[in-house]
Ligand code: 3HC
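The form predicted alone is given below as one chain in structure tokens.
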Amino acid sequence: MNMSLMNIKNITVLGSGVMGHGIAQVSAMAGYNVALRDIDQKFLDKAMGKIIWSLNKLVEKNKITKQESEKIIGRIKTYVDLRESLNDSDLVIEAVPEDMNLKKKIYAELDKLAPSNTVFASNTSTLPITELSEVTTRSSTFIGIHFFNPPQLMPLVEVIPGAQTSNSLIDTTMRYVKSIGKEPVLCNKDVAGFIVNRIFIPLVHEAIWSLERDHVKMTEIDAAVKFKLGFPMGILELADYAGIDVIHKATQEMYSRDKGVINPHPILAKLFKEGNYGQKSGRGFYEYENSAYERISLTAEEAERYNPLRLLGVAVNNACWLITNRVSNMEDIDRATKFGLGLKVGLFPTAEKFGFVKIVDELKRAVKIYGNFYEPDATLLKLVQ
């Protein structure tokens, strides 16, 4: 099969949760026929209700017409039967929970049931694409397509080839992502955390270490991240928003694959064990009145009380590791941090403002006190020469 000529028309989305129904909606809005599959009709009904709600909002804002909204809904069909959902499927995007065994079980089944020309993709945020593909007979037509939450609003999509993925499938996938109006960033190697989570997850842990070591308030660290580093919200606020459960699972997965990527702080695992998952449970690093989207009040005045240099150092160091190891380049990392983490400008322009010399000095100081985790990467050292 010549993948470069491959034409994607019919997409099967497995899992109708937040990610699944979001992927189904953006694909249908771009003109694709979507088969949305879940294990129970009640999950599918709930998902369709959310898609309809979201499209009604777009109609209210005059972004689309009522007729367009109806056409989009008409392009999405729901299925409980897996085999039926795969009829004529050109591309399957799996968006089931982040559990390696569950995903492997699904891919082994898919491999038996899907037409031979169907391409497999996973929306995993941290699990290795190569390992997932190995339970199938089609590792050359298997790829990672990592959307960000919520897919309707977040512009970034990471495209992650496994070790065997064909170049033509990479091109096809990049074209699909652009066709749904998203910003694709190619992650050249299947490394722990891909691009964004390799920067974001260690940063959450570093913020907790800073709380402990620098004797500052949580809101002072968060305000500094928001006002001085240009994040859309504080880093611990962002962790609560993303979900402590999600971050805990990503931490375990990334750390098991690469001990050098994260310096895990035990507080995160403790919050997870206590069931304090952030906004969704009413409590995480902060407490929330209700489960609705709530922002923490952070001020520029509080930001003045904390210098987030070491936090920035850890983020930039991980970004430089990605460059050294040819996973990505500076331009793509800037796009990824802008569109995936919401930074006002990308990570490297932010670092430049603080000064690479200061960042390296801060990391070297941290090595002396806290150990080799902070060792500056070769690419970062080149930036100060």
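Each residue number is its position in the shown sequence, starting from 1. Here the structure is a predicted model, which means the values were calculated and not measured.
Unshown form predicted in complex with the named molecule; subsequent notes refer to it.
Would E331 sit within 4.5 Å of the named molecule in the predicted complex, counting heavy atoms only? E331: no, not in contact with the named molecule in the predicted complex.
Can N117 be called a contact residue for the named molecule in the predicted complex at 4.5 Å between heavy atoms? N117: no, not in contact with the named molecule in the predicted complex.
Is the gap between L341 and the named molecule in the predicted complex 4.5 Å or less for some heavy atom pair? Taking the distances in the predicted complex, the answer for L341 is yes, it comes within 4.5 Å of the named molecule.
The named molecule contact in the predicted complex: H215, any heavy atom under 4.5 Å: No, no contact at 4.5 Å.
In the predicted complex, segment of 202-210, 233-241, 309-317, 267-275 with a heavy atom within 4.5 Å of the named molecule: Only one stretch passes the 4.5 Å heavy-atom test: 233-241.
Give a yes or no on whether each residue among S54, K57 and K61 has a heavy atom within 4.5 Å of the named molecule in the predicted complex. Spot residues vs the named molecule: full contact, yes.
From the list M154, V261, L132, I170, which entry has a heavy atom within 4.5 Å of the named molecule in the predicted complex? Among M154, V261, L132, I170, a heavy atom within 4.5 Å of the named molecule in the predicted complex occurs only for M154.
Under a 4.5 angstroms heavy atom criterion, identify the one residue in Q252, T136, T299, N149 near the named molecule in the predicted complex. Only one listed residue qualifies here, and that residue is N149.
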